[in-house]
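Form predicted alone, single chain, as structure tokens, below.
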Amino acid sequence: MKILFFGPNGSGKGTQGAIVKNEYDIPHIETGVIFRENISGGTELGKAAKGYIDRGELVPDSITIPMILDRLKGDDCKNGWLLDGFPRNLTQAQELDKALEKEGIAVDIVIDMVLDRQIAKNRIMGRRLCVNDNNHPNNIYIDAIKPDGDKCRVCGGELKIRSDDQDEEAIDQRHSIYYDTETGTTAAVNFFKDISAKKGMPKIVELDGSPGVKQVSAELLSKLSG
């Protein structure tokens, strides 16, 4: 099962990706990890990418896509993979599609987590971290995991706020790229939907990201197995 997973920051995509990884025993591949592995491993692609990163520039697709292809051809990907975080725009989607076709790799499923932009923003800004355990879920904008006042709903511990969760300008910038239907990530999703409409593949799984984690997971696994 070869999956492309799309969803805006704040949608819970990482959580759902981990669930799919465990359910189907396939690697959850994130582009940030691929960069770090190539750079720390001193690969030629990693060295080239590091040069751009050190200059504060975006790594070009001519480097990123070969890195991704190398990862997708790894031994642990023989039974499938879940690619998360790429493509981020329409051009990358087009280039990735060409590269995959050239390698004879077919995407089976595209998961599209759909969530209202304001809700996604609220979820990011509403996150609160328990000082005792960061895995204790607390969010002031989600009723199911709303903190007990200013205390952790799980253990009663003190809560803290991540500064980047409150960087409204950065959040808006990321979301502007994601929700852009002309050239952004949503345009990339629509590119694969158009391919699916014409060829019958990949299968498109649209997922409502607004309910709670368990409900979203149940819907996702049901649609994947259906």
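These numbers come from a predicted model, not from an experiment. Note that residue numbering follows the sequence shown and begins at 1. Whichever C-alpha set is largest while still superposing within 1.5 Å between the two forms counts as the rigid core.
Unshown form predicted together with adenosine monophosphate (AMP); subsequent notes refer to it.
Residues within 4.5 angstroms of adenosine monophosphate (AMP) in the predicted bound form, judged by any non-hydrogen atom, belong to 57 to 65 and to none of the other stretches in 40 to 48, 57 to 65, 196 to 204, 153 to 161. The putative spot formed by Asn9, Gly32 and Phe86 is fully lined by adenosine monophosphate (AMP) in the predicted bound form; each residue has a non-hydrogen atom within 4.5 angstroms of it. Taking non-hydrogen atoms only, Gln94 never approaches adenosine monophosphate (AMP) to within 4.5 angstroms in the predicted bound form. Although the partner is absent from this view, Tyr179 stays clear of adenosine monophosphate (AMP) in the predicted bound form, with no non-hydrogen atom inside 4.5 angstroms. Although the partner is absent here, Leu69 is not a contact residue: none of its heavy atoms lies within 4.5 angstroms of adenosine monophosphate (AMP) in the predicted bound form. The closest heavy atom approach of His28 to adenosine monophosphate (AMP) in the predicted bound form falls outside 4.5 Å. Comparing the forms between this form and the one not shown on their rigid core, the Cα displacement of Arg55 reaches 2 Å or more. In this overlay on the rigid core, Thr186 has a C-alpha that sits less than 2 Å away from its partner position between this form and the one not shown. In a rigid-core overlay of the protein, Arg36 has its C-alpha displaced by at least 2 Å between this form and the one not shown.
Between Ile39 and Glu103, the Cα distance is greater in the predicted bound form than in this structure, by no less than 3 angstroms. If you compare C-alpha positions, Glu103 and Met67 are 3 angstroms or more farther apart in the predicted bound form than in the form on display.
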